[in-house]
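Consider the single chain below, provided in structure tokens and representing the form predicted on its own.
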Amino acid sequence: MSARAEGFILTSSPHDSAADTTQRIMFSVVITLLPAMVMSVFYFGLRVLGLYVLAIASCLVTESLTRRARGRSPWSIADGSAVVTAVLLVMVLPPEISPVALVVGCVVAIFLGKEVFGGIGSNVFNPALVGRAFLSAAYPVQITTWTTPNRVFAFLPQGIDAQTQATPLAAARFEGIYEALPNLLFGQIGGSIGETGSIFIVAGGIAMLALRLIRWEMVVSLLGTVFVLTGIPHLVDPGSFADPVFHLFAGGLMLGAVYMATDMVTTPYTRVGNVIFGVGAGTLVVVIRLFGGYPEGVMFAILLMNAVTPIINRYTDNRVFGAQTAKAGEGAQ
């Protein structure tokens, strides 16, 4: 009896398809970022809105021109990945970053961070963080110049940055001054544009988990590692080390854990690999924050773990369907 008669249809792969497309995934990510983006405009003014527009335009133009130069279709910009890169790059920069520096960062992020590796799906490092790392070296003064945010929520206490012009992490590390938790949650603090309220980033993360755009293993392992490793020194010497809750919501940790460490291309694709990446990144964040020369270490931690992702994938690869592991000594027979 034929396979068709038995109810089987023999066709070439792929045998299954999903509703998800790159375009749908990318624009879903942007939608989940909208609350934090809107709040950043409230806190730092319409100039930030202009930065978002400029970054998106710069990334789209850079990708289109690069694709055309490589003899590829320039209309790949419709997949939305350049838009996500642009938004995330703006969110990890200070509000007073100059338009020229922003455009340079966008060009580096798209050209060096993505297209030189072959485009979307082939890049090794998170493009937005590549652009941010370049700007840290090229514009060190601009990249560490912070702005006091507008007072949007009257019920929140006065932020420490109004007196010190420092980010919460810098004030805690170098001056022993700790920002109030409500300000960290709602973002009424100085710092990068994306530090506009951890509560809005968390809301976006929950939405992405519900849409199955990210894996919880990565987020939980990264944040859990930071919580545990900062909690130990705090218990030993609470006067010198901030509590772990402060570390979770201060700086760019929440944005990095939810939107950058979960990048589908530059991070492991196995569940075990996600945990290894998260633990490694979390450990690096704590080492840099507590013992390094920088008060923040999320960018460096994720980029360094991006570099070892291929190794993690190799040794945590999923079992091949239909394969069977040989029993010990079977090969010697």
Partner chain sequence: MATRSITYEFAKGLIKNNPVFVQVLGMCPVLAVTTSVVNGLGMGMATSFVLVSAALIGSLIKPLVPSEVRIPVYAVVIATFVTIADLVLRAFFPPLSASLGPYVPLIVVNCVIMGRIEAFATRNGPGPAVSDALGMGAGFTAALMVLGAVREVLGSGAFFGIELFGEGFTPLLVMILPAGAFLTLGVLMAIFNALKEGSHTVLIKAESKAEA
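Computed from a predicted model, the values in this text were never measured in an experiment. Residue numbers count along the first chain shown, from 1.
Same protein, other form: the form predicted in complex with the partner chain, not shown, and the subject of what follows.
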| item | value |
| --- | --- |
| Stretch in contact, per heavy atom within 4.5 angstroms of the partner chain in the predicted bound form, of 104 to 112, 89 to 97, 239 to 247, 190 to 198 | 104 to 112 |
| Contact of Y139 with the partner chain in the predicted bound form (heavy atom, 4.5 Å) | yes |
| Partner proximity in the predicted bound form: R47 to the partner chain, non-hydrogen atom cutoff 4.5 Å | no |
| Heavy atom of Y178 within 4.5 Å of the partner chain in the predicted bound form | no |
| Close approach of H234 to the partner chain in the predicted bound form, 4.5 Å, heavy atom | no |
| Residues from 45 to 72 in contact with the partner chain (non-hydrogen atom within 4.5 Å) in the predicted bound form | R70, G71, R72 |
